[in-house]
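Presented below, as structure tokens, is a lone chain in the form predicted alone.
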């Protein structure tokens, strides 16, 4: 048990990926044509009942979302982060009489004296005046045809009242989809491409075992930073902020930056400080954000790309609310097939089908995605330059993953040789490791990992992408060790910072916040490996010396006893 070995370490690595990818529902592939977009029904449509129960079935604040929902009290803010499951109307005012008599004007009258900003935002929105511009009038006419009724104004009741139950609700994407079905349906189709994506953001927030462990330890409030970004994806107001819900606002790069920033995905920092971002900052007053992206003339309406222009582009002049359709490197966390890994990463995804497989840069699907990127970049750059630059990004990532592989092999071998101090049996469990086998079962964990969890009670070493990131969210006693923490920052922070810096053409992040600290971390890991091995060698020498001394002493004692017995006989 004290020496799990590299193969067992590699096998155990699947646990986090399983929990982060509890289910990958299959949807029909999006053709990209608006005319072919099916009518919106529900963001959980087509998913298994158990899946829907965990994320959609309303439980108020009695049971949380995801597999760990019963292990800790539900934070009250989850009412707003995941309203489908958790919202509870205020009991300070009974709104029933207003709802029954359709007195929506009373909402405005009361809230104008409480939070005037909300009312003013609504009054400046297309909801207040659906025909304020030629474009909104056209869209309103389309929505009226879909709904079969005239829309004079979108009132508070339209979004905030469940007419059937006569109660106040907090709108989710399902509510928005009643009128904006095409846009929500496009967002739903991000599931076709696997995680990470926006529509499954809340699921990816509450499923990882460190989230459940934080709740069990009474530290769930510390996860509020994760909650605020991941929650925005069950609703539409992460981009179209309340209560203007402005498409013009949502087309600006700043709409993305409050979530897409920080050490693991510094999109805001790398775009803002790139040449593209600097041009935008200097000339953004000349950008025409009132135009739908499909009508934007690049070079005239936009002199430089925005987040939305690049990531919503579907090829051949089409745009969609599917932001991940051209994604190849999957946020920089999934290893590529184009490396002959020497560490346990060679076994990724460890035989488990529900976690994302290694990236094949040469697959027909990724070749098609790359062609769409080159097509887009070529609107301002030469196609040859665009192709070479994107190949450089691939080369950068392959180099970074080779460094990751070397670091992981060092730690694999330390675990194999039982040289991590304290050893695995003397450290805290992997987050929720004592319950993981029972919660997920053999079907999801696989028999080997299931049995390992059962055997060790969750005391399993887990390192590397995607699985070893838990150390940045959880610190048990002796778990993870310092070398594991160094490695987690190396691949999750520095590798991803270099990835984003190179992808967005921001040189400082590519080198000083990416490649340079990766090299520094790898040097630290090599040094720590030597230190731990010297300690182990010294301990072995000390034990051998102790054995020799004790053995010699025992022999002397035995000899003395024998001599004493003989003398007694004589």
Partner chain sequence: MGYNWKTKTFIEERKFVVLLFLISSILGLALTGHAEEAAMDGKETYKKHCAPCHGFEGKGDGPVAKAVFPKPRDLTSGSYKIRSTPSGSLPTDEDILHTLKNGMPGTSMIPWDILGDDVLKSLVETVKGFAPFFKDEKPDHPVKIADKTSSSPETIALGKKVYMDNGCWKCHGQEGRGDGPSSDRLKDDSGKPITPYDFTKGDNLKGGNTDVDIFLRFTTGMTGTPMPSYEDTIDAAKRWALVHYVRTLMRPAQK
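Positions refer to the first chain, counted from 1. Being a predicted model, the structure only gives us computed values, none of them experimental.
FYI, the form predicted together with the partner chain isn't displayed, but the following is about it.
Asker: Only one of 103, 381, 362, 454 gets a heavy atom within 4.5 Å of the partner chain in the predicted bound form. Which one?
Answerer: Looking at 103, 381, 362, 454 one by one, just 103 meets the 4.5 Å heavy-atom criterion.
Asker: Scan 275, 372, 284, 120 and let me know which has any heavy atom within 4.5 Å of the partner chain in the predicted bound form.
Answerer: Exactly one residue meets the criterion: 120.
Asker: Residue 385 near the partner chain in the predicted bound form, any heavy atom under 4.5 Å?
Answerer: Contact check for residue 385: no, nothing within 4.5 Å of the partner chain in the predicted bound form.
Asker: Closest heavy atom of residue 109 to the partner chain in the predicted bound form, within 4.5 Å or not?
Answerer: Although the partner chain is absent here, residue 109 would touch it in the predicted bound form, with heavy atoms inside 4.5 Å.
Asker: Hey, in the predicted bound form, does residue 473 get a heavy atom within 4.5 angstroms of the partner chain?
Answerer: No, no contact at 4.5 Å.
Asker: Any chance residue 113 has a heavy atom within 4.5 Å of the partner chain in the predicted bound form?
Answerer: Looking in the predicted bound form, residue contacts with the partner chain include residue 113, since a heavy atom lies within 4.5 Å.
Asker: Which of 93-101, 70-78, 291-299, 476-484 has heavy atoms within 4.5 Å of the partner chain in the predicted bound form?
Answerer: Going by heavy atoms within 4.5 Å, the stretch is 93-101.
Asker: Since the partner is left out here, which residues of 486-508 would have a heavy atom within 4.5 Å of the partner chain in the predicted bound form?
Answerer: Counting only heavy atoms within 4.5 Å of the partner chain in the predicted bound form, no residue of 486-508 makes contact.
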